[in-house]
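Read the single chain below, which is given as structure tokens and is the form predicted alone.
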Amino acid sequence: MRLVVVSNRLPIALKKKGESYEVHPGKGGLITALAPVLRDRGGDWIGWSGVHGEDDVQTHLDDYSRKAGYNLHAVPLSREQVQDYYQGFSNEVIWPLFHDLQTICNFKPAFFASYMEVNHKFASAIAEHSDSEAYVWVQDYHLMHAAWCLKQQGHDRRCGFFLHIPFPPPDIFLKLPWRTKIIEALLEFDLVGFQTVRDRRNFVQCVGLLRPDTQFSGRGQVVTATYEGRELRVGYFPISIDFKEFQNLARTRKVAEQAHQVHTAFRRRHLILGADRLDYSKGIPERIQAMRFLYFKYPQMREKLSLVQIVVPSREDVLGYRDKKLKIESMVSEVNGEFSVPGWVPIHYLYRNLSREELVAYYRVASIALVTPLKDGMNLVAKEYCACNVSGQGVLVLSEFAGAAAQLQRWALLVNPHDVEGVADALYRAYLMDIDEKQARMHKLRVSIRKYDIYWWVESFLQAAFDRQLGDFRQESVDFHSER
């Protein structure tokens, strides 16, 4: 069965070169997850290319497809559609609402109208580039109406959907003006997947309130919902990384040399690493406040611990993100001005894209990874750090509001990112932790992430999609059922 992946963006980056374009592999968790799968088994990826006026783009995509091992199909979007559907509905409504930040939502009716228009365009592209024998795997919150639009257009496709971000509880979701339409659209998929059992529970509760005629049955990782005379499946499938790829890269000579340079530059002091995309959900200001509290409460940690905060530029054309960047830079400056001494700076702030090798070098060197989002669907940085910690002596300090906490809670140091004193205490504990405990914790983290890697994620989702009976599904295939 041919696999067709559908997402808002194609897994490539286009760079203008004269009158033409260069096609480069893209970055991000979704691409990391699915590109190797399509490359190894063949398939199609449908999405927006990222540029406007795409008359000549498909030719370049076809050339890239032959090298990549799977087909890329561009969905053309106008500037107005990108503004209202992507910047508007996706990032000013769904993203903040699903991250418990409803006070900054902009419930503009025109945004939803554009979102529906674009979902219909994607449905038309799906119909054009697939047949009834294909399996269509739709990714994330931008395209929650894809299956509903296909049905409205008269196309019969088997469709699965995976939500990469959290799904909110009813008291937050019910604030969405189009709440019933979203729920009904998601119920048109054959399989709806979430990151954690908590997200699935929130979805089931919202369905119960908005479509009480829907019945759920079964237990375990995948359950059955009966809606308007048809059955669909609802499950949770924690996304992961290619553990072996990161581990092998961390062991290369190039990365080892870069790691040595970083280690030497910091005069063999202990490094705390934060690596995040610029976003208000990542808790970067709270993290900087925690560092300030650490140096106040534990002055003996001064000149011993430094934070390297990597911030990857994102949505720089959005005013709120520019303001967030300025706030972070101001806070870093204040902490450094308060505590710096000759030869030591508390916080090293890097606002740029790092190469994969550079990032992995920092993963190798860091004694502590500080991963403290206010809310996150999963957070792959936590898993990447553990995979690259080949010394086995690192400590993961992890937000209890990250989806990864459900899997890693036993061996990471869990913190509430809003509790800056608690985060400071966890950092102090991590610094003082004896080497045997560090190695035992990191060993367990690495074993779990290696077992439940990206290939397990894909296999478990597709198995839930294709197995005829739920009894055929291996209920024991996942053993972390935390409600966090």
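What you are looking at is a predicted structure, and each value in this text was computed from that prediction instead of being measured. Residue numbers here begin at 1 and follow the sequence given.
Unshown form predicted together with GDP-alpha-D-glucose; subsequent notes refer to it.
Quiz prompt | Contact test in the predicted complex: residue 352 vs GDP-alpha-D-glucose, heavy atoms, 4.5 Å | solution = Yes, residue 352 sits close enough to GDP-alpha-D-glucose in the predicted complex that at least one of its heavy atoms falls within 4.5 Å.
Exercise. Indicate whether GDP-alpha-D-glucose has at least one heavy atom within 4.5 Å of a heavy atom of residue 119 in the predicted complex.
Key: Result no; residue 119 lies far from GDP-alpha-D-glucose in the predicted complex.
Quiz prompt | Contact of residue 394 with GDP-alpha-D-glucose in the predicted complex (heavy atom, 4.5 Å) | solution = Looking in the predicted complex, residue contacts with GDP-alpha-D-glucose do not include residue 394, since no heavy atom lies within 4.5 Å.
Quiz item: With the partner left out of view, is residue 95 within 4.5 angstroms of GDP-alpha-D-glucose in the predicted complex by any non-hydrogen atom?
Solution: The answer is yes: residue 95 has a heavy atom within 4.5 Å of GDP-alpha-D-glucose.
Quiz item: Does GDP-alpha-D-glucose come within 4.5 Å of a heavy atom in each of 195, 378 and 381 in the predicted complex?
Solution: Result yes, every residue of the spot touches GDP-alpha-D-glucose.
Quiz item: Heavy atoms within 4.5 Å of GDP-alpha-D-glucose in the predicted complex: which stretch among 317 to 325, 163 to 171, 120 to 128, 252 to 260?
Solution: Residues of 163 to 171 come within 4.5 Å of the partner.
Practice problem: Answer with one of 239, 206, 366, 147: the residue that has a non-hydrogen atom within 4.5 Å of GDP-alpha-D-glucose in the predicted complex. | Solution: Of the candidates 239, 206, 366, 147, 239 is the one lying within 4.5 Å of GDP-alpha-D-glucose in the predicted complex.
Practice problem: Name the residue from 271, 312, 225, 345 that puts a heavy atom within 4.5 Å of GDP-alpha-D-glucose in the predicted complex. | Solution: Only one listed residue qualifies here, and that residue is 312.
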